[in-house]
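Okay, so we've got the same protein chain twice, two forms, each given alone as structure tokens, structure 1 and structure 2.
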Structure 1
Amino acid sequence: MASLEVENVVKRFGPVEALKGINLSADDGEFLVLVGPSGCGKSTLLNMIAGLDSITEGRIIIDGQVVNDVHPKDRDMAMVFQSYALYPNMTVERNISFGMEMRKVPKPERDKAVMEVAKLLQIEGLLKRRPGQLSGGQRQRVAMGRALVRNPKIFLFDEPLSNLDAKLRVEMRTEIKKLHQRLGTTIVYVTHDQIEAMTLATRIAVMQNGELHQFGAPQEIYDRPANTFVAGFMGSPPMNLIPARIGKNGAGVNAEIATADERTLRLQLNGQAASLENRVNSEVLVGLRPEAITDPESRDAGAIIQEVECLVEVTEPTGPDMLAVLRLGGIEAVSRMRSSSRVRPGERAKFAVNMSKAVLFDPETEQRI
């Protein structure tokens, strides 16, 4: 196991700044996920940690040692690629052991390591096959096995599940998490899939356009997104961002939302009066996760609940629950409710809004208030 620190890392390709002063860290045994849309710089950062790409500015530190100028083979890391990168003419057994063979590891030791890894990944029966005879999920297990036999300080995963179908992705995601729990090795994992990030990570780094927008625990990022980008990117469906104005309500404050019929919907912001005193009459965005807008029967006990009546535009049964697209304050908001809910498209229905889950954003800076 090893700790990892990324300090003020900048990467330029000519005049283009691909990474803009990234700071993050991973403790011993931590599962760090770099997540963001395509082109945000997460794979570039992973390659720099691995030593496959140079650093323009900043430092990468592993176990207290600066490794900027250390050759990739001397960093004691193992990488699992999106494309598997298996040798097609070699058997599974040889693919897994080839790196040890190049390092002159004795054959009895290689054979023992291969069998241990094959048992761990449940691929003992595939050792004599070649990659062309394997499914996508099996190939990914072999790629992981090749990394595991090295027993490195840090595992690096570069979008390892993106080539798999939806069912296999879920299965392999579970296998990777179980593997991490068994081994306790530090992992840095790149993905554009926020569900993968939420389910796997101990900490998440959310990136966009070469910048780190938020770094923290999954639940913290989900409940308290730093800005509207994180609010919209993390979560499926994403957080609803509803335009509103801060209004005074005696000793408290409201989020005043204009409705389509020219009425004003007032949602109480209990407990936030002091912090919003200087924002009265200012515009804000009220962030509410879909599960914070639900049918009255599913409301959270003891939470700050307000009932609103909205027009339902679309319903989407998902099996365990139902999503409803409703008209709220001039936008289409998504509500999550019980699968047995009786709301119908084209009808008005009552919804319970959990205002204790509300997050406010400044519409100009897009930062959380």
Structure 2
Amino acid sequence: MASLEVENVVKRFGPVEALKGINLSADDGEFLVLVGPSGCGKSTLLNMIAGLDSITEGRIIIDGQVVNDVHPKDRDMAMVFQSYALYPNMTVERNISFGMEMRKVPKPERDKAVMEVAKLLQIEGLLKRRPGQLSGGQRQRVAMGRALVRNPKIFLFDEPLSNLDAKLRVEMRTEIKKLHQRLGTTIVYVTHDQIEAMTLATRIAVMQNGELHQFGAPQEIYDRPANTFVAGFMGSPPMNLIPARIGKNGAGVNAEIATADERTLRLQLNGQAASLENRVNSEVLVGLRPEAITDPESRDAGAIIQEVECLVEVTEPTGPDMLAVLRLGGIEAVSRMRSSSRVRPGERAKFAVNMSKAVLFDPETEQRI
């Protein structure tokens, strides 16, 4: 159990700046997820926390102690690698106990620890096999076993589920979450999958091109993305970003959206009126999650709802609900409807837009207003 702080961490590979000053922290027992598109520097950061990559600038602090120069084996961390990195020449048992063997733990103690972990992960039957004789899911479990058996201060996971098929991935996701609830150990988990990030994390760090865009609780990141990148990356389908102009009339402050037929669609922004006074007549992007645009019958109670009529272009039933691509003003937007919804492509229909969920972005800086 431990807390972790990452302070202004920079990583350069020659002239390439892979990490550009990252600040993060995880309290004891937290599940911190680093998420971002591939190549954004997640693995590099994780390796630096583990001590496998050197730190160009900045500090990494565990339990209040700077560990920049502490050897990886002395940092008391265990890692699950994306490729699992099981030793092909050793049995599952040896794979799991290798770390203890290197640390000179006596054999009876090792055996006991291996059995405990094997039971926890239900891999008792596999102990005598070699990694080559295991399925992907089994290998994944063994890799977790190798980390768990060490009972470290911090667990590091580098895309542990990305090599599994979709069904197994969801199962293992739940198991990892259960495991965290049971053990309460601090976890740093790397993924490029925003759903994994949302489901597992207590806090999420969204990264791109070596920069940290936002660091916060999952719901906060989902509801109030710091910029348009986060808005687009988190959530599937992504947040709709609708260009508009701030206008003011008798009813208050509006987002005015130009439509194809030269009329203007006005969305009320009264909830945020105060902060928008000085932006009247300037351009903004209105961010609306698909579920904030829905059929009038399933609108949220107690929210600022505005009804608009739009042309439906495509409908995509997903099972639990139905996605409809519609023309909101001049541009396409995705809405999430009940699966029983009767909207038809090519027809106009009424939609309820939940304006209390709307977030506004500055189109120049791409930052949230």
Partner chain sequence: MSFHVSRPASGTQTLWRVLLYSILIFFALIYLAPLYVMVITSLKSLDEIRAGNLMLPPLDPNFDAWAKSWSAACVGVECSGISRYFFNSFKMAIPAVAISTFMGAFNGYVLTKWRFKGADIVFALILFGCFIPFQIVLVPMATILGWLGLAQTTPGLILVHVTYGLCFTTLFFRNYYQAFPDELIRAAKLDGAGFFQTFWRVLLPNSLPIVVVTVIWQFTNIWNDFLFGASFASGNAAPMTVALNNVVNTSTSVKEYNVDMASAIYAALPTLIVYVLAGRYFVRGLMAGAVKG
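What we label the rigid core is the largest C-alpha set whose atoms superpose within 1.5 Å from one form to the other. The shown structure was predicted, so the numbers you read here are calculated from the model rather than taken from an experiment. Every residue number counts along structure 1's sequence, beginning with 1.
Could you let me know which number goes with the form predicted alone?
The chain shown as structure 1 is the form predicted alone.
Take the rigid core as the frame of reference and indicate whether the C-alpha of His71 shifts by 2 Å or more between structures 1 and 2.
Comparing forms between structures 1 and 2, the His71 CA shifts below 2 Å.
Verify the C-alpha shift of Arg130 between structures 1 and 2: is it 2 Å or more after superposing the core?
It does shift by 2 Å or more.
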